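Just the one chain here, laid out as structure tokens, in the form predicted on its own.
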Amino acid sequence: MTSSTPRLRPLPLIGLALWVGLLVLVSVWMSQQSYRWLPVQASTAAPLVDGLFSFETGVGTFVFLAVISVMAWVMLMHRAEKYDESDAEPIEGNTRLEVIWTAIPFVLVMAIAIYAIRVNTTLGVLGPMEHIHVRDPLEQQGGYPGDRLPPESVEVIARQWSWEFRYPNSGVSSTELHLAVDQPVTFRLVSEDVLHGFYIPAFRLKQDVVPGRAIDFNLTPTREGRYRLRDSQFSGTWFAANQADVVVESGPDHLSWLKQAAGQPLQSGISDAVQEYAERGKKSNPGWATVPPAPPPQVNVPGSNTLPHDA
């Protein structure tokens, strides 16, 4: 008596194993390449976020190539003969195959979910909508090393359409954010009008600035340089111009900057929206109606938003 169950031949299994191994190698290579697509890492949160993105890129590459491989195999090896217009052979369900293609996506999705939960738990961004405190990863390690100062405090005020940064410990205000490298900082985010988004791509963290609420947001810059703060939420006509430079400098340079800034008189800060609104008002046809921008904040240091930046 012959069995109706098809026998698995070793040669096709070896070929399949080699092909899957090749897909894994390509996926790992692609996951490593994904780091090059992102801005420079300039905070303690950046490696965590980039690692999750790299993992998701590798998994996505493997799934994509696997699906394309099956499609190519079916089209090349099981295509109909030329001029064959007959109906295809009816095929009943394959329980083993259905279990396999259900189990593999389940494992991949769960792996991504577990990795994402671990990263978000470390960053402290999980929780209900009223959750307002984003932790620095160093807090998960029992505090800050002895060679680091306690968190610096900076109040961030968002308006349509400008940013203002106040340093309570020194009485300084500016429209260019200055931070000390490797020193934890606590931002207190407030909005004077509508919803804004505090987003510095090089730091890999974003926090909505909600009107009527003060939101604490902690991070530690790890790389000196000049970066860009962007408004990640649509807040009106000039929200795309609602940007500011972020200068990360050494501890001594930061203290020197604070000391010099404290001695400067208040002056109008940077607000591209105010300038563009004024120029538009001079035209005979100013165009669509819009909300007038808030007056530029009065600050000690306007800074610059035209210098080249890293990200």
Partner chain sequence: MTSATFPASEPKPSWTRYFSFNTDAKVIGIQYIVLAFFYFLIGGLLAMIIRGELITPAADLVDRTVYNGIYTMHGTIMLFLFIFPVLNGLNNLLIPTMIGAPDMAFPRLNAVAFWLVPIFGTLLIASFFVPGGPAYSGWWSYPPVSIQNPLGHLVSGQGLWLTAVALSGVSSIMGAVNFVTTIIRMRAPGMGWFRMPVFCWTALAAQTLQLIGLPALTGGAVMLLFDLVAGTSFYRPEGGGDPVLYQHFFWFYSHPAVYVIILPVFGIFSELFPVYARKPLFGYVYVALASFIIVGLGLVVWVHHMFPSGVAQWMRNLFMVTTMLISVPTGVKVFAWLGTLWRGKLRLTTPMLFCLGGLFNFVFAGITGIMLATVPVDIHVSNTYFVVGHFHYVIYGAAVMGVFAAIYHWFPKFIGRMPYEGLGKLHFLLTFVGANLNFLPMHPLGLMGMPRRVSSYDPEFAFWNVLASLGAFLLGVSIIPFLLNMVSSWVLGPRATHNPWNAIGLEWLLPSPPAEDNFGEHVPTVISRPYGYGLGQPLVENQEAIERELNLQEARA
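Everything numeric in this text was worked out from a predicted model, so none of it was measured. Note that the rigid core is defined as the largest set of C-alphas that superpose within 1.5 Å between two forms. Positions refer to the first chain, counted from 1.
The form predicted together with its partner chain exists for this protein as well; it is not shown, and the discussion that follows is about that form.
Chemist: Would residue 80 show up as a contact with its partner chain in the predicted complex if we use heavy atoms at 4.5 Å?
Modeler: Because a heavy atom of residue 80 falls inside 4.5 Å of its partner chain in the predicted complex, the answer is yes.
Chemist: Would residue 120 show up as a contact with its partner chain in the predicted complex if we use heavy atoms at 4.5 Å?
Modeler: Although its partner chain is absent here, residue 120 would touch it in the predicted complex, with heavy atoms inside 4.5 Å.
Chemist: Given that the partner is absent here, does residue 278 sit within 4.5 Å of its partner chain in the predicted complex, heavy atoms only?
Modeler: Residue-level check for residue 278: no, no contact with its partner chain.
Chemist: According to a 4.5 angstroms non-hydrogen atom cut-off, is residue 37 in contact with its partner chain in the predicted complex?
Modeler: It does: once its partner chain is placed as it appears in the predicted complex, residue 37 has a heavy atom within 4.5 Å of it.
Chemist: Scan 63, 255, 28, 262 and let me know which has any heavy atom within 4.5 Å of its partner chain in the predicted complex.
Modeler: None of the other options qualify; the answer is 63.
Chemist: Would you mind picking out the stretch of 175-183, 100-108, 218-226, 162-170 that comes within 4.5 angstroms of its partner chain in the predicted complex, counting non-hydrogen atoms?
Modeler: This holds for exactly one stretch, 100-108.
Chemist: Of 48-80, which residues get within 4.5 Å of its partner chain in the predicted complex if you count heavy atoms?
Modeler: 49, 52, 53, 56, 57, 60, 63, 64, 67, 68, 70, 71, 73, 74, 75, 78, 79, 80, in sequence order.
Chemist: Rigid core aligned, does the Cα position of residue 213 differ by 2 Å or more between this form and the one not shown?
Modeler: No, residue 213 moves less than 2 Å.
Chemist: Answer yes if the CA of residue 110 moves 2 Å or more between this form and the one not shown after aligning the rigid core, and no otherwise.
Modeler: No, the C-alpha moves less than 2 Å.
Chemist: So, does residue 234 move by 2 Å or more at the CA between this form and the one not shown, with the core held fixed?
Modeler: Where the cores coincide, residue 234 shows only a C-alpha shift between this form and the one not shown that is less than 2 Å.
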